[in-house]
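Coming up is one lone chain in structure tokens, specifically the form predicted alone.
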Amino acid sequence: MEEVLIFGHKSPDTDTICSAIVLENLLKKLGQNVKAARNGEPNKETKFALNYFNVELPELINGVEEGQEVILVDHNEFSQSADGIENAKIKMVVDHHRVHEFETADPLYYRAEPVGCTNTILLKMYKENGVEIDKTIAGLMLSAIISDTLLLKSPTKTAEDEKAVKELAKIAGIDYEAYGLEMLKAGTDLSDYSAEELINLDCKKCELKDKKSRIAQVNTADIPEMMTRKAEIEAAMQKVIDEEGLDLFVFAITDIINSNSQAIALGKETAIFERAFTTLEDNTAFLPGVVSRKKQILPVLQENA
């Protein structure tokens, strides 16, 4: 029997990669034939977490075949998924995002909860199935929640995420605050990425009514240093705009220490950004207190599209 692939969205982050590994572990213990996979290259933060807990990176896939049985984690939108997903057989979804333009031909197990991280949901699934969580799996789950909630500082954080972090840190036997800061800082070393790589590290397509857009985000501990590369970042963004016919491309540079973001916005529909936030000066704007694309950027853009 062919293995069922488990994978997350393109431009994978720590939650996406860890969710695939964690769910593979759970389902295998429940007797299912599954395999974790990934839809792109991991960032440095994710590599740090995997190296710390001595876990191998899941296999890279370049799309799925027609009829392939798959499980989606940390996403449900086909535009963010593997090439060919519309022709695959989706068996399960575990996610913490909105449900958008999702349709299947057959019934499936679908679980989406309004929490800060997919792994907070997976923790519940382990408990519900009576499956013990070992130190390594606990460490990966903890890493994902820390990543998605910026060490519990993001507005996406819920009381359930906070409870999960403390519980998982105890199982993993680590100081989550010290480990979490070290992991997040590992992800802020962006010096060896090209501008093209930077804008694709964590980039998601989204629709603003009838407007095609992308919102990309990187974490840093030094916004001014990142802004020294503004010209090359803008050139890379403009190239994507031209190639994909985008109406708006927003690139958020998020300071994980001070919880602010500097945004660069390009495209013929930058008026949407200005209505949502503030006037752009030389294509940029400072967004105090803004750290979450999901809660603080995308919804506001959608309201003003």
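A residue's number is simply how far along the shown sequence it sits, counting from 1. Quick caveat: nothing in here was measured; it's all calculated off a predicted structure.
Missing here is the form predicted in complex with another copy of the chain; even so, the following discussion is about that form.
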In the predicted bound form, Pro107 touching another copy of the chain (heavy atom, 4.5 Å) = yes
inquiry  = Against another copy of the chain in the predicted bound form, would Pro114 count as a contact residue? Criterion: heavy atoms within 4.5 Å.
reply    = yes
query = Any chance His97 has a heavy atom within 4.5 Å of another copy of the chain in the predicted bound form?
reply = yes
task = Evaluate Phe102 for contact with another copy of the chain in the predicted bound form, applying a 4.5 angstroms cut-off between non-hydrogen atoms, and reply yes or no.
result = yes
task = Within 4.5 Å of another copy of the chain in the predicted bound form, counting heavy atoms only, one of 195 to 203, 164 to 172, 89 to 97, 146 to 154 shows up; tell me which.
result = 89 to 97
message = Heavy atom within 4.5 Å of another copy of the chain in the predicted bound form: which residues of 230 to 256 meet that condition, in order?
response = none
